[in-house]
Ligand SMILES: Cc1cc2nc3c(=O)[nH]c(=O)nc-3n(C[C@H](O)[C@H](O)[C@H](O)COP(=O)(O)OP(=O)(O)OC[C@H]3O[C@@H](n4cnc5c(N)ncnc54)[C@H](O)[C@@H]3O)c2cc1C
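One chain is shown next in structure tokens, namely the form predicted on its own.
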Amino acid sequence: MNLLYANDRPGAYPPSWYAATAEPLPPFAPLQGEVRADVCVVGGGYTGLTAALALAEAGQDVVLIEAHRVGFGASGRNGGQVGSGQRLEQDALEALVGPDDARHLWQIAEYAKAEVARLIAAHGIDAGYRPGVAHAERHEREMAGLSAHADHLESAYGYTQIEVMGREAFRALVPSGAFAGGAVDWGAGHLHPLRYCLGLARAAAAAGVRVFERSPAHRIERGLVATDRGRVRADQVILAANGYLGGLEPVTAAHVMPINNFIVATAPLGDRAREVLTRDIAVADSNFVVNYWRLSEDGRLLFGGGESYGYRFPRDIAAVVRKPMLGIYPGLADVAIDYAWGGTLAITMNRMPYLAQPAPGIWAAGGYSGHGVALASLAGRILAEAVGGTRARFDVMARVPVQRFPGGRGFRNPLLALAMTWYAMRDRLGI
């Protein structure tokens, strides 16, 4: 089964709150016949669009092909959190890659947040960015580690934007009895992911990128990308399909694996919004299978929770997500769910992004593991730099060891499902 069509209507955005509150772009035509370009970008999400935009601004002739619509995948469906750092904490990165590369990776992640802000400002994107992302700790024993993490970022990296809060102070911000405390990163933020992505697409098209929608790539090789009704001949190819890559490029596919995640939007809460959050921040908890939430601009709770590891989304997404939502906010049991949707992202074994040149003339990035709004936006620019011959940031990211998933494409999903079931059980037992 092809993930591109397993859960969605061809060429249509999912019925999400994001799609309901974004002004869609007029459709771009499908690719027909043969076209020539300097670079062909496969995938119309954050990575593909920022790569295409940066290349076009540098004078390259760029074609971008997208199987559905720009922003169709995880870039238009995610929780909208623009987080700090990499997916692994800095102490883990120091152990993994050494202090020098760990520092480079921190600087890259800081630049990624700045790049999101720059793109929004430069292209007048109505992304609704707001500062503040909280990390909610479930257990008192985790609080010492959270404080130590904040202290380490301040002493070793000069980062002073994290405010650690005990139980009562955190509960005044996040009114739930589920947490022992937490911290707010005021240097991080949150936005409307689909409006941001559509703004990137407008900017790319205005810069001269030729965008073709409803044009899934079926075959790539050096200098050629073939679609349903056409093909692109290009000197360089950038693969930016992330969770929807499938078997298009086997080396990349062995390192990144698709998983599904789910979000609901409640009915507008009105004055009850203060029962959820008392400030306009986003939150993620400390579960291994993370729950994350924030308030929408019209006062809904946008809550993400639950994962699946096969092709199909569950029949009743709202029921799947309502369970963890009520575990945190039991007082919302009477609140209606107006929207429920799923999306497919990609993870890696160690949750670090995978950037690689799997073959001459072919570049790939993906596996952002739920930390992709900022990192995917910058990854596109990093790939564009590498295509242009400036490889410094690409090489830092590509040096991070990312293991292949065991079991091959046929067995890795069951193996992952087994492992994630174990971790989900640990979350429920509080281990």
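Model, not experiment: these values are computed from the prediction. Residue numbers here begin at 1 and follow the sequence given.
What follows is about the form predicted in complex with the named molecule, which we do not show.
- This chain appears without its partner; in the predicted bound form, the one residue of 291, 261, 348, 86 with a heavy atom within 4.5 Å of the named molecule is 261.
- The partner is absent here; in the predicted bound form, the one residue of 134, 355, 74, 204 having a heavy atom within 4.5 Å of the named molecule is 74.
- Within 4.5 Å of the named molecule in the predicted bound form, a heavy atom is found for every one of 67, 217 and 376.
- When the named molecule is considered in the predicted bound form, residue 266 lies well away from it, no heavy atom lying within 4.5 Å.
- Using a 4.5 angstroms limit between non-hydrogen atoms, residue 182 is distant from the named molecule in the predicted bound form.
- In the predicted bound form, at least one heavy atom of residue 79 sits within 4.5 Å of a heavy atom of the named molecule.
- The shortest heavy atom separation between residue 371 and the named molecule in the predicted bound form is within 4.5 Å.
- Heavy atoms within 4.5 Å of the named molecule in the predicted bound form are found in one stretch of 242-250, 324-332, 111-119, 153-161, which is 242-250.
- Contacts between 33-47 and the named molecule, taken as any heavy atom within 4.5 Å in the predicted bound form, involve 42, 43, 44, 45, 46, 47.
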